[in-house]
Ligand SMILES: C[S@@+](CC[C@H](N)C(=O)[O-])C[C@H]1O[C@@H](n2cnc3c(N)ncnc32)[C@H](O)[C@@H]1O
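Here's a solo chain for you in structure tokens, the form predicted on its own.
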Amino acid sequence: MKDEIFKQPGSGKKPFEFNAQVAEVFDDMVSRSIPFYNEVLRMSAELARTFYQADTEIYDLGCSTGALVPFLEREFAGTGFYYSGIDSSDEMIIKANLSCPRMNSGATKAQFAVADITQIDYQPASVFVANYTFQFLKPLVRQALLRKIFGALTPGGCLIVSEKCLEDAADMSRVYADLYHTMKARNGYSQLEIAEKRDALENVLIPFRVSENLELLGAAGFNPVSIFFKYYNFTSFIALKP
């Protein structure tokens, strides 16, 4: 279904939330709003396959509609892996379960759950994926969650993180934001829709600078930390546990 949530003037006055309305159009929304969304998922699956260790979990934090699962299935190609997709939105998990009917078939064991990712006692894992998730968490809880993830990872495991970011230079942040909005216009969003959604996301999506994200990952113990994708104000990182 096409995303037309912010077509009306004033529709951005209510803070953005991942409700049933958003879940219904989410796949269209992200394909038009997040640069190279499917490519980032494909790269995430490739990296997950590279660092996955047998009999450990792949945790997908903020899994939304479970769009990562088909990429993982293709990448693992029949090799067994354990996957847990977690999201705080009931509506997203309902959509994920409907979108991934093949789960728990063959060598793959997967499950989706509604939960607060900051409160989970994670099982031993070799891969965590958090694509466009930390940006919706309150800044003060991000470091504690990173430390919890680090503690659950096996040595040699990885955390894959994608975020909407700011630059250290405010002028470049503005340039990147303008070019990003140009991309959204190319993908069919009107200037009204772009402005209304920006208003709805104010104080809901709180981006950190690229350098701040690198510092947080390093402070949690990850080393090395690398950027594997960047498009203007969107950045994807991979962080390893030594």
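The model shown is predicted, which means the values in this text are computed figures rather than measured ones. Numbering starts at 1 and runs along the sequence shown.
What comes next is about the form predicted together with the named molecule, which is not displayed.
> Counting only heavy atoms and a 4.5 Å cutoff, which of 148-156, 112-120, 167-175, 70-78 contacts the named molecule in the predicted complex?
Going through the listed ranges, the match is 112-120.
> If the criterion is a non-hydrogen atom within 4.5 angstroms, does every one of Ala45, Tyr82 and Ser126 touch the named molecule in the predicted complex?
Answer is no for this spot.
> Given that the named molecule is left out here, which of Ser99, Thr108, Ser88, Gln143 has a heavy atom within 4.5 Å of it in the predicted complex?
Looking at Ser99, Thr108, Ser88, Gln143 one by one, just Ser88 meets the 4.5 Å heavy-atom criterion.
> In the predicted complex, which of the listed residues (Tyr180, Phe208, Phe51, Tyr37) lies with a heavy atom within 4.5 Å of the named molecule?
Selected option: Tyr37.
> Though only this chain appears here, would Phe18 touch the named molecule in the predicted complex if you measure heavy atom gaps against 4.5 Å?
Yes, Phe18 sits close enough to the named molecule in the predicted complex that at least one of its heavy atoms falls within 4.5 Å.
> Wondering, does Met92 line up within 4.5 Å of the named molecule in the predicted complex on heavy atoms?
Residue-level check for Met92: yes, a contact with the named molecule.
> Is there a heavy atom of Tyr189 lying 4.5 Å or less from a heavy atom of the named molecule in the predicted complex?
No, no contact at 4.5 Å.
> Are any of the heavy atoms in Cys63 no more than 4.5 Å from a heavy atom of the named molecule in the predicted complex?
Answer yes; at least one heavy atom of Cys63 falls within 4.5 Å of the named molecule in the predicted complex.
> Scan 141-179 and write down, in order along the chain, each residue with a heavy atom lying within 4.5 Å of the named molecule in the predicted complex.
Stretch hits: zero.
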